[in-house]
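Next comes just one chain, in structure tokens: the form predicted on its own.
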């Protein structure tokens, strides 16, 4: 029998990571010991107190009932305190939506505001949810190219007025997955002015808010005066607290935007598991030392990888945030053929840049989520295989 999928699925771009999974499976079947640096799944463990809180909550009968649509009041209070403490932004309890991870929240938010035929402005390269989510809603992303020489920031000043006025949303994410780019305060000020001028919703995906180095702390878009008039910001406990598999996040900002997200979620889910929310509440109260040690750990991985790759001909700068390296491919390769070359010749697996939009061509992404030893070993494997960079 042949079953016809909905058009929304047929309009999705090719999912290159599915092909990559197949290639990895084939190599492992041959007995290959792969070093897999593709998925951005944190290597640090959640705070011990959060794990203990989760275990305790598992033994409480109320944890196994449906979650409240309005969210756990203790978690919401912890979010408000965290936002004030970490980012200097004042958030009221009715300006918070609890999410089953920020990826889910982003997809549902796009569904809440985009109709078939609508347009939105999306910088590329970017996390796939920002162009796949709109595609599922039937909308058309208008691509804003970003390049290294401009710090991977979109040039808002050159966007045609008619395109900006027609769009409904401007999506941003700094620090950015996959490029590891960060944005200064001046850029967010410009983005808020731009959104207000063109009556745009401003989405800021802030998943890597706490994963920064050398004291260069990223700022929240909501810290810009007047940003809350147009902005909703998405946060995740996945990267900050090593809780990627727990699926817990939150959105904060403009009350109307937050309530629209809550409205669509009430029709699609019951929120995260209550025990996970209890643990997340504890995580948001964790000691500063935990975050400092987490950052130092990833900074060491960054330094090992950058210095190792630069010894093979690359000229990478050390990124100031995220746990990714955005690496140009050598001459004679495109993103996917270089990934295959690394896989077959060095038993190292990286992500092809085209997985983050067409403008990711010419790059691969390395996720620094294995041990220091494995990352060093990955560089050594490239060296032994004779893989070097030539631009």
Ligand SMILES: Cc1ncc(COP(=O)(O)O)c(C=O)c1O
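Bear in mind that the values here come from a model prediction, so they are computed numbers and not experimental data. Positions refer to the first chain, counted from 1.
Absent from the display: the form predicted together with this ligand. The rest refers to it.
Visitor: Considering 295, 103, 262, 190, which brings a non-hydrogen atom within 4.5 Å of this ligand in the predicted bound form?
Guide: Partner contact (heavy atom, 4.5 Å) among the options: 103.
Visitor: Using a 4.5 Å cut on heavy atoms, which of 236, 182, 98, 276 is close to this ligand in the predicted bound form?
Guide: The option sitting close enough to the partner is 236.
Visitor: For the chain shown here without its partner, which stretch in 110 to 118, 279 to 287, 310 to 318, 206 to 214 has non-hydrogen atoms within 4.5 angstroms of this ligand in the predicted bound form?
Guide: Looking at the other structure, the answer is 206 to 214.
Visitor: Even though the partner isn't displayed, in the predicted bound form is residue 338 close enough to this ligand, meaning a heavy atom within 4.5 Å?
Guide: Looking in the predicted bound form, residue contacts with this ligand do not include residue 338, since no heavy atom lies within 4.5 Å.
Visitor: Examine residue 324 and determine whether its closest non-hydrogen atom to this ligand in the predicted bound form is within 4.5 angstroms.
Guide: Looking in the predicted bound form, residue contacts with this ligand include residue 324, since a heavy atom lies within 4.5 Å.
Visitor: So in the predicted bound form, does residue 240 come within 4.5 Å of this ligand, heavy atom to heavy atom?
Guide: Residue 240 lies outside the contact set for this ligand.
Visitor: Report yes if any heavy atom of residue 132 sits within 4.5 Å of a heavy atom of this ligand in the predicted bound form; otherwise report no.
Guide: Although this ligand is absent here, residue 132 would stay clear of it in the predicted bound form, with no heavy atoms inside 4.5 Å.
Visitor: Determine the residues of 176 to 202 with a heavy atom within 4.5 Å of this ligand in the predicted bound form and present them in sequence order; the list may be empty.
Guide: The stretch 176 to 202, when checked against this ligand in the predicted bound form, contributes only 177 at the 4.5 Å heavy-atom cut-off.
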